[in-house]
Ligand code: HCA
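Take a look at this single chain, the form predicted on its own, given in structure tokens.
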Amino acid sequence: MPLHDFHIIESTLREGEQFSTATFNTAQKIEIATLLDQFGVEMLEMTSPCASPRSEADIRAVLAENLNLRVLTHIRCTREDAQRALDTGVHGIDVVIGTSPQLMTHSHGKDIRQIIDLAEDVMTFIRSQNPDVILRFSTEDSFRSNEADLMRVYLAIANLGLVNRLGIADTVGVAMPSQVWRLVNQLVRMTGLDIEFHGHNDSGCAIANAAAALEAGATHVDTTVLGIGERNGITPLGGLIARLYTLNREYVRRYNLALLPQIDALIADICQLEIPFNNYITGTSAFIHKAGIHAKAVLADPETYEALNPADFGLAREIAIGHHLTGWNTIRSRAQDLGLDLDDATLRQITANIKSQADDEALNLAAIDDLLYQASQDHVCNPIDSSIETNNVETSNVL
């Protein structure tokens, strides 16, 4: 399946609510849903209406906004949960039940035959009540489940002809990309149904696993803003976008990428988080270049050291220049920004001065500008002979 043919199920208002500092009121949920709709996500998953009275009311409140995205809710595999979900008028219902030995023993206490019987009953009930609702069935803890048990459950549900898609979940973040690819590809070939991937990030593989799922033929990927969720969270929206963008920009062209910084900032503010310095796209260091050899190349052609164009996300790159690794090409660029016409010999001398001072403490931009302005004034009065030897600053660090 071409990688551009996929849908994002944005789960900040479901999985994200399970994050340690996440508490969203109704107005905030509407604001988040509206921004995600403007960004272009296709589906929004919300907490089960069975969780609390306000959870149910919030689903209805978001539905009342008449957004373009489809509103889903995530429920346990019971008729009671299904009826509550149907009553809200959601566009889709995501049903889940655990299939690993751990969850069969310590969660619901059912064996595989009982799981299949219950799932068939609930799926049949939902479809009888609403023939048009989007219906997904997923196993929980798929990658710690016995493979034969998984296939038995999935095939039983697929053969009912009632569900729109099947879901697989790396619930505790133990899967490798190769495992994800194999399971997704197997389900695609055996069932012909749409496949959804939900991956936790406990061992740092959520983005890689999501990409592997898409490569194997998955049609839907669950994300949250900043990756928030239970424990270490799941595939981050920005991280998935960054991964797909670097493969082919056309894969994410349909999304309003310039909204991503605003979306990340909103969730960070509500959850009282600092966006990590190395966060995908929106981290403070994401588009800062420092080393002289990097800066020189980026000034000539940004793609030399950038796989993502910051302008596509409403952001700008920065060349850090007040440090001992700075190169004279970056100082020349700054002088040009200030409208100063300084020859190369002068710029090299200024660079040497900056490097010497910065060995003790980095200089801020104002201090560098002062050096450039002063050099410009001195240069007018006492032009430097460009033939003067400047080997003392001609090192590999000043490229």
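Numbers follow the displayed sequence, beginning with 1. None of these values were measured; they are calculated from a predicted model.
Just so you know, the form predicted together with this ligand exists too; it's not on screen, but the next bit is about it.
Among residues of the shown chain, residue 140 is one whose heavy atoms approach this ligand to within 4.5 Å in the predicted complex. Within 4.5 Å of any heavy atom of this ligand in the predicted complex lies no heavy atom of residue 99.
This ligand is not shown here, and in the predicted complex it never comes within 4.5 Å of any heavy atom of residue 376. Remark: residue 10 does not count among the residues lining this ligand in the predicted complex, judged by a heavy atom distance of 4.5 Å or less. The chain is drawn here without this ligand; in the predicted complex, the stretch among 309-317, 252-260, 195-203, 281-289 whose residues come within 4.5 Å of it by any heavy atom is 195-203. Among the residues 71, 169, 241, 211, the one placing a heavy atom within 4.5 Å of this ligand in the predicted complex is 169.
Residues from 14-30 that approach this ligand in the predicted complex with a non-hydrogen atom closer than or equal to 4.5 Å are 14, 15, 18, in the order they occur in the chain.
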